[in-house]
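Take a look at this single chain in C-alpha cells; it is the form predicted on its own.
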Amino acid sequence: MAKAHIINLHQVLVETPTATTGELSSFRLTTTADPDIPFTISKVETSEKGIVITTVESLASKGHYQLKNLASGDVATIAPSLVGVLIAILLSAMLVQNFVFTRYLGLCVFFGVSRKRETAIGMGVTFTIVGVLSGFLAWVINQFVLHPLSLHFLQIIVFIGIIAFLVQIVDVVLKKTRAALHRKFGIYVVLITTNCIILAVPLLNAMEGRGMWESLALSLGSGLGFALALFLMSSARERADLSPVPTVFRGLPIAFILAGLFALSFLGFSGLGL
C-alpha cells in the first residue's frame, strides 16, 4: 500500500496515483493499540494526490493507526514523524513547559548562580551536559535492567546514583581545568545531584515509556531550558544591580520579582500546540 498520513481531525490521505472505484470501499482503519475496533468510515473519495478517507470519529495527530486494504491485504502504518516529535518535545521542554518558569523546579541552583552572566552560562552548559548524559544512562539502565527485572521501585535510587556519579566526574574535571569557575559555582555543582529537574527528566521518561530519542530530546530540552532561564535571569539581575532599586527590595526580593515576571512572560508560550 502507498503512504498514508492524517491531514485533519477526520481525514486520512492515501498517496496513490492509481486509485480505482473498486478500491474505494475496501479500507479498514484502526488504532495500533486496538486493531479489532475499526473506525467508522463515512466517505472515501479520490483527489489529485490519492484517496481521501473521511471518518466519523476524530483522529489524533499524535496517534498511531493501521490502514488495511481489504482487497489486496496491504497494511499501512500511520504514525507521527519522529523528527516532528523530537522537535516538539525539545521546544516544549525549553519554552512551553520550561521546568523553571512553568514547573518551578530547580530554584535553589537557579537563584544561587544567576547573579552573574558568566557563572550562569557555565552552570547552564554544565547542567545540560550532565542532564543529557544522566538521561541517556538512566534510560539504558531502566530499559535493559530495571524494567525486565521488574525493579521499578528502585528507579529513584538508581537515577540519583547515576546523577551523583556524573556530577562527581564533572566536579573533578572543573576543579582541574577551570578552577576559577569551580570556585564561583561553590556548593551548587554538588547540588545538581539532588536537583529536581535533573531527577525529574529520567522519571518522566520512565513513567511515559519514551524511546531513546524521545528521552534524549527531553533531556536536552530541559537542559537548554534551564540554561536559557539562567541566562535571562542573570542578565536581568546584572541590570537590577546597576539600577536604583529600593533597599528593601535588593538581593533576593528583586530576584523573586524578576523570576515572577519571567514566569508570566513564559505563559505566553502555553498556547503553542506542540
Partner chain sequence: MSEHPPLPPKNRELIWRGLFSENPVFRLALSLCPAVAVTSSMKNGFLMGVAVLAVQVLSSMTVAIARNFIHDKVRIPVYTIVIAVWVSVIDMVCAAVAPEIYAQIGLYIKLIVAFAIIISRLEVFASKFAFLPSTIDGFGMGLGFCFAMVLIGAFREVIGNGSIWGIELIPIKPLLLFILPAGGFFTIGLLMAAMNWIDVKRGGKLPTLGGGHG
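Residue numbers count along the first chain shown, from 1. Please read all numbers here as calculations on a predicted model, not as lab measurements.
Absent from the display: the form predicted in complex with the partner chain. The rest refers to it.
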(message) Quick one: 63, 130 and 216 and the partner chain in the predicted complex, is every residue within 4.5 Å by at least one heavy atom?
(response) no
(message) When the contact criterion is heavy atoms within 4.5 Å, does residue 263 count as touching the partner chain in the predicted complex?
(response) yes
(request) Answer yes if any heavy atom of residue 9 is within 4.5 Å of a heavy atom of the partner chain in the predicted complex; otherwise answer no. (result) no
(message) Although the partner isn't part of this model, could you tell me whether residue 81 comes within 4.5 Å of the partner chain in the predicted complex, counting any heavy atom of the residue?
(response) no
(message) How about residue 75 - does it come within 4.5 Å of the partner chain in the predicted complex, if we only consider non-hydrogen atoms?
(response) no
(message) Just to be sure I understand the contacts: of 181, 146, 107, 137, which is the one whose heavy atoms reach within 4.5 angstroms of the partner chain in the predicted complex?
(response) 107
(request) State the residue from 87, 173, 203, 151 whose non-hydrogen atoms include one within 4.5 Å of the partner chain in the predicted complex. (result) 203
(request) Please determine, with the chain shown alone, which of 220 to 228, 50 to 58, 241 to 249, 28 to 36 has non-hydrogen atoms within 4.5 Å of the partner chain in the predicted complex. (result) 241 to 249
(request) Residue by residue through 157 to 183, tell me which have a non-hydrogen atom within 4.5 angstroms of the partner chain in the predicted complex. (result) 157, 160
(request) Since the Cα separation of residue 252 and residue 187 moves by 3 Å or more in the predicted complex, tell me which way: closer or farther than here. (result) farther
